[in-house]
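One chain is shown next in structure tokens, namely the form predicted on its own.
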């Protein structure tokens, strides 16, 4: 059974249609990332699920019941925003306890017990009596997370909760969120515009574009096999270029602008004529095997990134970027051969 379903959600702001007949199902225990650029509708969808926005039309079901007309406090959800929204006059433990106080369904002792358990889950039990001003940004974020899970919600909604953290704290909180999800199995919907966060955290990614779903799949599926130019570009900024596709005796090949040709993997998406292709930067190698597609090029510039090096190569009349291990990179300004497995060159739909 789906833990959450939205059906045919439409939302306008004035004359702008933000969500267009949007459907989404989330299974119990799933961690789904809503990924997309600013303005694609992902935060609006989350607010509609939470009850903070009203759809123009459509239905929302959570844990088997319709919540379309219910106020947020009656949906048994937890919503965590970019801002921590901690109450400054309350200690950390009282901030975590606050949602239970508002419900008034447990004794004070039980509320404190559950709050302490939630603080322990985010590894902050030793700081329970501190006030928000006495906590670091990362610690405040953990308190906000404990407050979100203390009531055992049917659905946890996270609206870009890591965007205010620096790179190191963001990485720590990604690990914390992943660990909590694995331990608790909370059904979670996570809004982000950061593809690395989506790839690292989610069981399933829903890539949004202009109020609709562009593509859905596991992180590996959506990264390795994007269907459209938008998906390929948004998820990793891949090399995207056009080839002239032709077939002879069952063998498919693609011609670069300067006439260089490479073999193509047999695919049902191939047809003769011009076609856009994606090639991931890390799929390109300077030491191609005999079975690989190869092309000669000249390295234009290189950027050292520590364990990896990013190289800009002029090949086939276009520019191709390769990201390789730093100890497997050629010197710049030399002519070299690059290659990739034929199935790494993915045909794309122009939609």
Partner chain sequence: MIASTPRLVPFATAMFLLAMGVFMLLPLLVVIASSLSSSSFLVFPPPGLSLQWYGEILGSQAYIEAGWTSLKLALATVVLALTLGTPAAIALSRFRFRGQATIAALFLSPLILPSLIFAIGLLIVFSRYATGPSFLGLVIGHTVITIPYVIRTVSANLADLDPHLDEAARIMGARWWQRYALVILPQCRTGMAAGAFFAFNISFDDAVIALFMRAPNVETLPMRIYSTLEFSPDPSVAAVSTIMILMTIVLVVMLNRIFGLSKIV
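Bear in mind that the values here come from a model prediction, so they are computed numbers and not experimental data. Numbering follows the first chain given and starts at 1.
The protein also exists as the form predicted together with the partner chain; that form is not presented, and the subsequent description refers to it.
- Shown without its partner, this chain lists 217, 138, 125, 99 as candidates; in the predicted bound form, only 99 has a non-hydrogen atom within 4.5 angstroms of the partner chain.
- A heavy atom within 4.5 Å of the partner chain in the predicted bound form is found for exactly one of 173, 115, 86, 243: 86.
- In short, of 70 to 78, 247 to 255, 190 to 198, 107 to 115 it is 70 to 78 that has heavy atoms within 4.5 Å of the partner chain in the predicted bound form.
- At least one heavy atom of residue 147 is located within 4.5 Å of the partner chain in the predicted bound form.
- Contact annotation for residue 50: at least one heavy atom lies within 4.5 Å of the partner chain in the predicted bound form.
- The partner chain in the predicted bound form is not approached by residue 265, whose heavy atoms all lie more than 4.5 angstroms from it.
- Looking at residue 184, you'd find every heavy atom of it more than 4.5 angstroms from the partner chain in the predicted bound form.
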